[in-house]
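A single chain, nothing else alongside it, follows as structure tokens in the form predicted alone.
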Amino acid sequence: MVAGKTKRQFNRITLYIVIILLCLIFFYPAFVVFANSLRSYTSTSTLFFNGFHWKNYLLAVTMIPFGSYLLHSLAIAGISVIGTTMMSGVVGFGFARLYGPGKNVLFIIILATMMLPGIVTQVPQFLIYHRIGFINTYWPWVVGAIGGSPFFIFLYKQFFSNIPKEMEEAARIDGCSTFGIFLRIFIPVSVPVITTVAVMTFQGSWGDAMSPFMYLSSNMWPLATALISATYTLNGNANVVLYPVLEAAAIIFAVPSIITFFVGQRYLVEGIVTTGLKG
């Protein structure tokens, strides 16, 4: 028994050491960016702190129209999160609980679209949106949200399939409609998967720089796109790029993603795990 207990303690210590090392490996690049965001623009890049020039963060939000870009980012993210979370849930509920001819075939077709790389459909989508006048508007994100996401539809479908049918049958006996069952029975118990979809959608839309570059003019760009071509240069000398200020802007840009991840962290694992309990 003593030998077995010692072996378990050794395995646990080894596991903790591996976890700590992996955390340091993943955290260190972000630490380097943060350290460089505080250095002077006249100094070279560093792997550790060589100064604490907090003014770089003030310059990051004042040297460009940061507030305007931020509002565009929030608008795009809001449309994507609200629309995709709602519509993917409705479609997932239909596949999980409604019956009709060809339902399984349609579900397989939706899942098959996940095998197509996004770059394959970007050009056809751009041509369609251009011809119907969606350029320089938020309509591409509205239409995309209405269609939902194949992966999120799959998550919802799997989650809803695990809910006992007795709850649905009891609601129907009480005279509840199909849509009422969805709102009153399924939505209240679906917080984990809803949070998972919302967080993952926000992460994707917040960091998307390519789509706004294709569909929007520069005065409507979100932060992800604007920071790629941000002109953080020294006054009077456009050839001197203020990289510490640019890195400070990148840190500020990452804050909302970090916050949403930690806020929804308690539901993320549960939302992913519970969708795979039943095929």
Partner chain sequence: MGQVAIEQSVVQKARPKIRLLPRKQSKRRALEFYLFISPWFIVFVLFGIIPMLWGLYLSFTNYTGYNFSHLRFIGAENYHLVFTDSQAMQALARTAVLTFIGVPLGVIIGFLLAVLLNNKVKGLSMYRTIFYLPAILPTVASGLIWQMMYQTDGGILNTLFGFFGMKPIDWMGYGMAQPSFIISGLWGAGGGLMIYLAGLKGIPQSLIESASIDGANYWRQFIHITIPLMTPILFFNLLMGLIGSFQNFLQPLLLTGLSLTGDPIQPIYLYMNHAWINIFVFDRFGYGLALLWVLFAVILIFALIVFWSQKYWVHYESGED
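Numbering follows the first chain given and starts at 1. Computed from a predicted structure; not experimentally measured. In this text, the rigid core denotes the largest set of C-alpha atoms whose superposition between the two forms falls within 1.5 Å.
In what follows, reference is made to the form predicted in complex with its partner chain, a form of this protein that is not presented.
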{"query": "Contact assignment for its partner chain in the predicted bound form, among Thr201, Gln158, Ser190, Ser73, heavy atom within 4.5 Å", "finding": "Gln158"}
{"query": "Leu106, heavy atom within 4.5 angstroms of its partner chain in the predicted bound form", "finding": "yes"}
{"query": "Its partner chain contact in the predicted bound form: Ser229, any heavy atom under 4.5 Å", "finding": "yes"}
{"query": "Interface membership of Pro124, its partner chain in the predicted bound form, 4.5 Å heavy atom rule", "finding": "yes"}
{"query": "4.5 Å heavy atom contact, Val18 and its partner chain in the predicted bound form", "finding": "yes"}
{"query": "Stretch 180-215 - residues with a heavy atom within 4.5 Å of its partner chain in the predicted bound form", "finding": "Phe182, Gln203, Trp206, Gly207, Ala209, Met210, Phe213, Met214"}
{"query": "Rigid core fit then Thr44 CA moved by 2 Å or more between this form and the one not shown", "finding": "yes"}
{"query": "After fitting the core, Leu21 CA displacement of 2 Å or more between this form and the one not shown", "finding": "yes"}
